[in-house]
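Below, in structure tokens: the form predicted on its own, a single chain.
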């Protein structure tokens, strides 16, 4: 294990990695702390079976860096971090609960160095179990242990971003008749489909579970199913990835039939050069860490005492303004939206780094 992951750790520009092996389940826990420049490293906890430890650690690192960019892009006083629970096997309910408790005690021992919430593979029930032993959990009331599902808030932010992207790309107000392909109908893709249907979009639905896509298509007007093998080539206005990352790469981009990419999946680009490939292919890419920030934003606001749903939704809707500004600046400077978003992030982090250095020297 050591020889496998040490090169990744030594090459990383983050602040630290917490590693723990959970003997009862055989799970490896990686907490990647990328940056505390803006505040406490904060990000979700992902849980899945990975091909190997390197894959799990690499995922944690990339996701943690993405959280740094997400918080900075939203001008939030939080830092970037992410946790990955790399399972050795699927767990039953009892084993899963035990793992969450032990993970929670690990979080508590870090004394606020990392704060977390639900992510791919974990949900509100998991976070309730973690919160039973740790105070450093977003979206769970510490007194009642009632939890909030971040999925609908994430979906609302994606919706706001799609509206802005459609206006920028096509000059069209609203989404009536816009062909939108959703890849992944889980905790975000499902509520997003309902929101888009309510705005009159023509939905194309794709999910690894074909029966789930079938059920949703029957419930939503003006929707059709797209087979997995046609998810990239299908002609559409907007491709909305809401499942796994790394799907936009040198091979897939040249086959894509969309005009816009805007979705909730983290790390959609396999590598940063893929943003340039999308641009050259005439596809408008909305940076994922900007458009998918709604759930994280809402849960963070709740920890600050803002609980009125209308207020939370209004704040999440501002993601549309952020997307519009980034797209306009990118067009004016003839750069990709990703480059524009990164420049904004780098400027903020540079100011924070300078302020920290001045404080240390004084």
Ligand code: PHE
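Everything numeric here is computed off the predicted structure, so don't read it as measured data. Numbering follows the first chain given and starts at 1.
FYI, the form predicted together with ligand PHE isn't displayed, but the following is about it.
- Checked against ligand PHE in the model of the complex, the candidates 292, 183, 134, 268 yield a single residue with a heavy atom inside 4.5 Å, and that residue is 292.
- Checked against ligand PHE in the model of the complex, the residues 326, 319, 47, 296 give one hit for a heavy atom within 4.5 Å, which is 296.
- Of the stretches 308-316, 333-341, 32-40, 64-72, only 64-72 has residues with a heavy atom within 4.5 Å of ligand PHE in the model of the complex.
- Contact check for residue 117: a heavy atom falls within 4.5 Å of ligand PHE in the model of the complex.
- When ligand PHE is considered in the model of the complex, residue 201 lies well away from it, no heavy atom lying within 4.5 Å.
- Although the partner is absent here, residue 85 sits far enough away that none of its heavy atoms falls within 4.5 Å of ligand PHE in the model of the complex.
- Of the heavy atoms in residue 189, none are within 4.5 Å of ligand PHE in the model of the complex.
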